[in-house]
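Just one chain follows, in the form predicted on its own, and it is written as structure tokens.
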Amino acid sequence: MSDTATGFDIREVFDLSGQTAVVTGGNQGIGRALCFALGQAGATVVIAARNAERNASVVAELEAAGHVARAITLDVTDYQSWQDGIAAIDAPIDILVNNAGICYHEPALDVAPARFADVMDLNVTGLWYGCQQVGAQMIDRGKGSIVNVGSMSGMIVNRPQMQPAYNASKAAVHHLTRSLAAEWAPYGVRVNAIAPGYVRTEMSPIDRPEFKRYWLDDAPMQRAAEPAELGPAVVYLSSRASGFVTGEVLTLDGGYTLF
């Protein structure tokens, strides 16, 4: 029942029941946590990633937890793979979470051309393909929410490691998010991003002494995020709770970028 003061039920506006959410790179780490958050909010979750075996494993975990889930084998850097994947879903996509990404720690002069291209292809071009193709479907329907996973690295230069390609790619993600938001707002499609700080995943060596000194000890909260802590922000940006929010890059970094 709606509250007479607000005009809506605060619990209902976070509810994603009846909606389909596609999460790229949803078979591990942050992506897996986002799948569980969206599932808990009631969405049907579609994992879109290259490793079919890992996809199936996470789908089984989601189903065991009582969520509705499926997977498609998708290479986000391949335009045709996006077309085939969207066709295989065979349902309107209400929410797209562009999470797939890659990072290399290398000084600028050591970055090989192929390595730079790999980062840009996955982090920017693959995200662009998803936004363009799913966005077209959302525009036709007059509604939809896209959440891109950027990074605080799109705003700062990390230390002690150098990662210029990654930093540039995430800055591109942030501004592409704003550009699409401005263009698609009149069509009922919202585009936002999250910008996580350091997150505890299998691929992030946050506890190694050479990194902990700068990554954790220097941060106001003096810890990394757990992947699950990013989930509520993505649910918020995916849901009617953020119905008047578009073009935002929501920083989730424990205060790291304050200094």
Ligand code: NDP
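Just so you know, these numbers come straight off a predicted model, no measurement behind them. So that there is no doubt, residue numbering starts at 1 and follows the sequence shown.
There is also a form predicted in complex with the ligand; it is not shown, and the following applies to it.
Only one of 85 to 93, 104 to 112, 164 to 172, 177 to 185 places residue heavy atoms within 4.5 angstroms of the ligand in the predicted complex, namely 164 to 172. The putative spot formed by Tyr129, Arg240 and Ser242 is not touched by the ligand in the predicted complex; no residue has a non-hydrogen atom within 4.5 angstroms of it.
Among residues of the shown chain, Ala65 is not one whose heavy atoms approach the ligand to within 4.5 Å in the predicted complex. Using a 4.5 angstroms threshold between heavy atoms, Ser145 stays clear of the ligand in the predicted complex.
Although the partner is absent here, Gln28 sits close enough that one of its heavy atoms falls within 4.5 Å of the ligand in the predicted complex. The ligand in the predicted complex comes within 4.5 Å of no heavy atom belonging to Ser57. For the options Arg50, Arg223, Lys212, Arg70, the one in contact with the ligand in the predicted complex, meaning a heavy atom within 4.5 Å, is Arg50. Just one of Val134, Leu74, Val97, Val189 comes within 4.5 Å of the ligand in the predicted complex, counting any heavy atom, and that one is Leu74. Residues Pro196, Gly197, Tyr198, Val199, Thr201, Glu202, Met203, Ser204 are the ones in 179 to 207 with at least one heavy atom within 4.5 Å of the ligand in the predicted complex, listed in sequence order.
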